[in-house]
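Here you'll find one protein chain in two forms, each presented separately as structure tokens under the names structure 1 and structure 2.
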Structure 1
């Protein structure tokens, strides 16, 4: 377990260390209200990151998720404003996300264009398209049933949590134990071998992009309904947060490795640090430096068993001994 899940262990120990510091210095962090707020705030990143894990495991990447996120949110808003029931509008937004995802996937899988190039183009095109369509205006005057999907403010987080936990466990289990999940690993670790073994690797790639798009749409809806108006510039920089969580969680961008559990830990670490620093009274101006440092420490801990690290450590120890 320790050997095969080294990155997960390393990130988990960083989270534990952070939690210990908080338990001593700012116990208020663990109030139910705060944890609930944190969960709701990181929900979009979590859902998109799960989809992104699949894409990254196949050896591809998608940086257009932020733009898709913005469009799906606005689409859900416009639809329910025009009288469509809110659940139908939400479903349509997820579908729209899936359409954008499958467009990316088709260009990558069937035309062989590198995914970074494809999604860079769709990121710009979708974002600018939305800007022209809305001219920066927000979607306002939404029907009252839109906020909280017609539920109450206290009910909605439970529903969102149930949906998220079910989806997360389904993907975590399915990726390792279902044939389609194994096909994703096979495609990522050696596409040629996978193909020769009879797998339709193009279909696998197309599918993971489509799933990512649908999850992005769902994330956009679950985020949008927490408010009573929808900004047209949502999700700027979302792709960076998501990819950071995925790679910190142990997925390799070269493909073939990565687990949903690791991604969840990556999301937790990155989402927990920012508010934690506020609770600890750290000035906002130093926050980014500390966040960067924590990422480096969390992944460098993995290198502890590396010979070069031992040399460094022993050099440091001897320096201390001399001093």
Structure 2
């Protein structure tokens, strides 16, 4: 955990340094409008990243979250259009995400198929299936109650922030203080020792994939209600953002290491890079290059020779191919 705390301090220092540069060179970055847009765009990424932290701590990875995100958002919109109350449509989207996550978890935990293989397959199948079902069309003519979850545009950010803060705090505390959290760390640190200690490591892995799916469904809803139409190609590149945030925040893809608060810092840092480039007059095409550099530095800090880091490289390549 000491190394994780060091990584968090490094990320916090990088955020502070970036903020100081922007304060001098581009003070307009800190306008209420820009910070509000940045905050709302980051909430869905943060929710998915929290679930991804659990998965990565167990030594697994999920690159299908972008496809799940797209399907859950479209499903919520279609259900709402058909007359289903917005709260029920939102719950159904979360349940649908949990089902997809549960499927991934079952294939990984109980059939022993590598998670990178399982989630690469489901990423492609779900994305192509959605494209076939919708023929690429966006969900339009959404009912007024769906927009902002029936709240005003001013009220919704506060409600979304409260929900996100509560979930983040709950997972951050639970991962370190609840038996289920300790089981997640034990599963990722030494699966064989965890099994000998009586832990059902297969159930633990199935659980974290399911939780990730449910959080992805919730993130899709919070993102979809901000607009008056839902794109069928939403979530492209989400895998890269989420995995990068988790790794930059201190989680090791080898398993056994990682904290939710580190992930929060990773999300903040990577989310700030794109808008910062715009305000500094740098081409936005540099965003991915800079993000990639940040990720490489983070991986190097852990030891790039570890075999588990090949999974991250494969995940990043797959995410780029889908973008």
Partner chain sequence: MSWRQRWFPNGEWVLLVVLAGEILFFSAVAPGFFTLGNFFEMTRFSVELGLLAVALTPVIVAGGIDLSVGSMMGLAAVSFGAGYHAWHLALPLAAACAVLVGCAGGALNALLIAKLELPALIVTLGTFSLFRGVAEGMTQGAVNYTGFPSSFLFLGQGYLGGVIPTQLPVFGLIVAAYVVLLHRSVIGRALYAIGFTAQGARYAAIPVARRIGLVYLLSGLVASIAAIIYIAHLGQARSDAGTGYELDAITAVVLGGTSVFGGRGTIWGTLLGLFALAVLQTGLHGARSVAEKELQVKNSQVAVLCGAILAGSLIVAGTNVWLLRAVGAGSRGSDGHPSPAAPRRTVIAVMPKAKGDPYFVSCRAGAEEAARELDVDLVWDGPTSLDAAKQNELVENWITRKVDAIAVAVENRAGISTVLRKARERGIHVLTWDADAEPDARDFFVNQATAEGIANALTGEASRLLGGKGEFAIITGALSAANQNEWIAFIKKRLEDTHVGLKLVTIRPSDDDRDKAFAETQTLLKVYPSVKLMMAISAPAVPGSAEAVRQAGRKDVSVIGLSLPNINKPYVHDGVVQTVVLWNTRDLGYLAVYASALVTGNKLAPGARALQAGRLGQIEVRNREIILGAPMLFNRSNIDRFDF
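Numbering follows the first chain given and starts at 1. Take the two forms, superpose them, and find the largest set of C-alpha atoms that agree within 1.5 Å; that set is the rigid core. The structure displayed is predicted, hence computed values, not measured ones.
Structure 2 derives from the form predicted alone, whereas structure 1 comes from the other one. Relative to the superposed rigid core, the position of the CA of residue 289 differs between the two structures by 2 Å or more. The two forms, fitted on the rigid core, differ between the two structures by 2 Å or more at the CA of residue 25.
For residue 280, a C-alpha deviation of 2 angstroms or more is recorded between the two structures after rigid-core alignment. Superposed on the core, the two forms differ at residue 34, whose C-alpha moves 2.6 Å between the two structures.
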